[in-house]
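First, one chain by itself in structure tokens, the form predicted on its own.
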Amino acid sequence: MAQPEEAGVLRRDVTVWGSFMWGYADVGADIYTALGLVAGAAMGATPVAFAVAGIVYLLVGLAYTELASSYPVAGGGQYFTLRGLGDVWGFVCGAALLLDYTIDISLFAVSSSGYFNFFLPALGVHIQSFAVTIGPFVGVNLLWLAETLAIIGFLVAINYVGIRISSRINEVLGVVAIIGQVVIVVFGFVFAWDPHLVLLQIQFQFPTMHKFMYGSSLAIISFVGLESISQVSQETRRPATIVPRTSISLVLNVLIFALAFSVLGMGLLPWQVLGAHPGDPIAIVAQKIPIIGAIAAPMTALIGGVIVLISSNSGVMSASRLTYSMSTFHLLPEWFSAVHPRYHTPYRTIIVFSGVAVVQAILAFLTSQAMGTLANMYAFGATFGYLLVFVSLIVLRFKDPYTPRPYRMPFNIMLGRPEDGGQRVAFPVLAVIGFLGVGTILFEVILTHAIGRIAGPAWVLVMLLIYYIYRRRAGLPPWRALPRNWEQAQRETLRDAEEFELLAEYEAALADKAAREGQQA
């Protein structure tokens, strides 16, 4: 019976506020990067693109709230898919999300540097003056690249030392970011917003269907990052209680801010202006606000740089916890599951996959638009992984109806006949709708993302080859799931999380199951 390796234990150091800020650090920052990119594609329909992506995000958030509170284990979507669909699909989901996380590190490190570079002209420095030609590569910005690599190195160091320090940084900087966002949104709508400009742009500057599909698929990156809360659930105190609160709060918070900034921006500026500033779009919006505009722009640039920095930090954490989980379940070599004896962090995965992010950043800067190149691949990993998560949620409702679910997606249809000795199952209608929504976004990504539709599947195929080689060399079946005692694993998880009431409820459900099976025998 294959069990996770006891290579080390992740310490439960994350509080309720820390859990929220891990998610906010990843999701809340995305609008700072996405607004300019989406406006350049969706044109006058930018708010509509964000609304479409936001509806899908809401359903994804509800699914993750249920799964992360029911199975508070590092791994997130990969773990849920492993339990629901088996080893191969669990690995595929993990590989797709790992692509997302490594790009998260590199993309938001680039974006953070872009916001900090807002201040360079005041120092007499122009960022474009550092663009050089290296062989066939034109416009390689060496200063921006150096800043990006320095940020990644800094984040590796603080995550290596421990999640408590990393979480504290998120909590403090996140508060500053939220306050700044509220000030900009309130002042912008009260003193500067022009609803007629929004309507005129939607009416007369609506893009072609192809461009709208590209824009709405890019808009999904504003909502990528819910995985962070589930990734850190194994290090969260009382996760069954905390995760539903933090997840639902995060979903509403991010949805409101993303829609608010997109509508505000289109009511202050033509979409062309936003599209021309992919590096610091929110700072450009703040600059147009009267009364506070003179200080709002630099303040927003500073806040944008900070919040995008902590989003990159969240990517380091998530990539390391994801690969730690994959290693403990024999989807990757056990070498990755090593936990530092002093800091209790998966230090090897932190170093290796942050190194992958470094390579991605360097390659992106060899193209004409580094941020656009990274964003082009970003949506593929998220949507593909989320698709498998929705399937897994539905399957787990049938395969594992005994695990207590502190939160359950609403709108369910009860199936089964207990009088015949079966277990009643709540079929999740919203999960089916979410599956269709994410599937539509994935279709848009494949249709419109020239780089993502090639690099994304290629990444998954290369990772599958690594998986196959590892399993063959380890003497494990490559395409068949290993036998695992999931019931015992769930007992240990609830006991470790100190969720003793849920553990008692789980034991009672298993006892009822055993009694029914005994009667049938």
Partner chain sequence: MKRGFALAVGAIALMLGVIIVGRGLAQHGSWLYDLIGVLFIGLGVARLYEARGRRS
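Numbering follows the first chain given and starts at 1. Since this is a predicted model, take the numbers as computed values, not measurements.
Only in words, not in the display: the form predicted together with its partner chain, which the text now covers.
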Original post:
Out of V185, M409, V356, V391, which one falls within 4.5 Å of its partner chain in the model of the complex, going by heavy atoms?
Top reply: V185
Original post:
Which pick from H210, R245, H340, H126 sits with a heavy atom within 4.5 Å of its partner chain in the model of the complex?
Top reply: R245
Subject >> Proximity to its partner chain in the model of the complex (heavy atom, within 4.5 Å), stretch among 247-255, 344-352, 152-160, 397-405 >> reply: 247-255
Original post:
Is there any non-hydrogen atom of F427 lying within 4.5 Å of its partner chain in the model of the complex?
Top reply: no
**OP:** Would you please decide whether F191 lies within 4.5 angstroms of its partner chain in the model of the complex, comparing each non-hydrogen atom pair?
**Re:** yes
Original post:
Is G86 close enough to its partner chain in the model of the complex to count, meaning some heavy atom within 4.5 Å?
Top reply: no
Original post:
At the 4.5 Å heavy atom threshold, is P195 in contact with its partner chain in the model of the complex?
Top reply: yes
